[in-house]
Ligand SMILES: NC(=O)c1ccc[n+]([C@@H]2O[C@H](COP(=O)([O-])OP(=O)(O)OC[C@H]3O[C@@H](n4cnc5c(N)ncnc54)[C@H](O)[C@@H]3O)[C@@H](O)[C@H]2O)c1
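First, one chain by itself in structure tokens, the form predicted on its own.
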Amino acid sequence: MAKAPIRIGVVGCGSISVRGILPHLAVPDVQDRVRIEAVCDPVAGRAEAAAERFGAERAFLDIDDLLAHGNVDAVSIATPIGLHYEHGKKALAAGKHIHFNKTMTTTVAEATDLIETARRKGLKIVASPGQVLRPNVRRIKELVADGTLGTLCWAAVGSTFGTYHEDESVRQGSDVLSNIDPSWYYRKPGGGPLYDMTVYGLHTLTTILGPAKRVTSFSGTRLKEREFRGQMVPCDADDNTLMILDYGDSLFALVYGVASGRMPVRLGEGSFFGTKGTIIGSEMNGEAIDYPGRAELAAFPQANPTWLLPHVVGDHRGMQEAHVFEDVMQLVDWVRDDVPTPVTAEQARHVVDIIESAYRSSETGQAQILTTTF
């Protein structure tokens, strides 16, 4: 007998949902595997508008109603990061599988509670971002491991806030799906570039080098307010952080999440410096790194590395946030077909450990030993 599609609920109809999750899940080519059953959002009229645009059966104001009446098997949690633990806890209590948009939680204790609860209840968690799926990241891992760079001495990853969120296309309009307020990105808990953007580089770094051992950092809020649509937004989340990760045996990594300025690589890429070679982004010693699918990308000027993700085919290649769609589909395949995924909650927890410990190091002036692994 044919297997029924997974009925999914999307919790939060903000930027990542409107630009990424919902458009991808509404494409006809996935309807035999997953269907948008319900959406929710606390902004009046937003869930209804999203349901109408993307074909969801039901719309709710809050997650409690979605879980009770949404008729879903799984949820994609796309709310502000500071709410992920609360919403994940409720979803597990209701017996739902979960895809977490990055970052999974803000603390290790929260992540551990969710992982252990899911294990006890036989539920599955996939936590973005799935950098481990990318062929270029896997190839760099091989190059580092086989000694092509000689003795690896240090690495660097990071991201920059800039004005990315203020400038997104869904921020400047006049209706509920295009006037989405980005203020939460600049406030605790869960705001700031580490949880929101540097998380990509940290997943890349830990995929290539594995778990780190300890961290030390300096961190603070450089921009105390930002302007959005003529209004000043107070900012209290750290937006300027530099940390050093210790991998043991004097191998270190520089990690940054800053208000402005960046290294010359794309978001999520890293730089790796060895005694016999250097990798900067997608190049080794100034030459493009060869990895499965690179020739296919080179044939299309508009191509980007997300084209090589397993589910990013056809119309999905021309849509925003295709990597998030891929992570959702990793959960769908795991639930529907019992196909395990390398995009694990345990790696996501380790990245949370790094971020949480970096903030604690900055506050205490002491290096912090990381307590998790994967």
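What you see is a predicted model; the values in this text were computed from it and never measured. Numbers for residues come from their place in the sequence shown, where the first is 1.
Keep in mind that the form predicted in complex with the named molecule is missing from the display, and what follows is about it.
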{"item": "Partner-proximal stretch of 174-182, 271-279, 152-160, 116-124 relative to the named molecule in the predicted complex, 4.5 angstroms, heavy atom", "value": "174-182"}
{"item": "Joint contact, R134, Y247 and D353 to the named molecule in the predicted complex, by non-hydrogen atom at 4.5 Å", "value": "no"}
{"item": "Contacting member of Y291, F228, F252, Y164, with respect to the named molecule in the predicted complex [4.5 Å, heavy atom]", "value": "Y164"}
{"item": "Listed residue that, although the named molecule is not shown, lies within 4.5 Å of it in the predicted complex (heavy atoms), from D65, E346, E57, E321", "value": "E321"}
{"item": "Partner contact for E110 in the predicted complex: the named molecule, 4.5 angstroms, heavy atom", "value": "no"}
{"item": "4.5 Å heavy atom contact, T207 to the named molecule in the predicted complex", "value": "no"}
{"item": "Contact flag, D238 vs the named molecule in the predicted complex, heavy atom cut 4.5 Å", "value": "no"}
{"item": "C13: touches the named molecule in the predicted complex, heavy atom cutoff 4.5 angstroms", "value": "yes"}
{"item": "Partner contacts for 51-86, taking the named molecule in the predicted complex and a 4.5 Å heavy atom cut-off", "value": "A78, T79, P80, I81, L83, H84"}
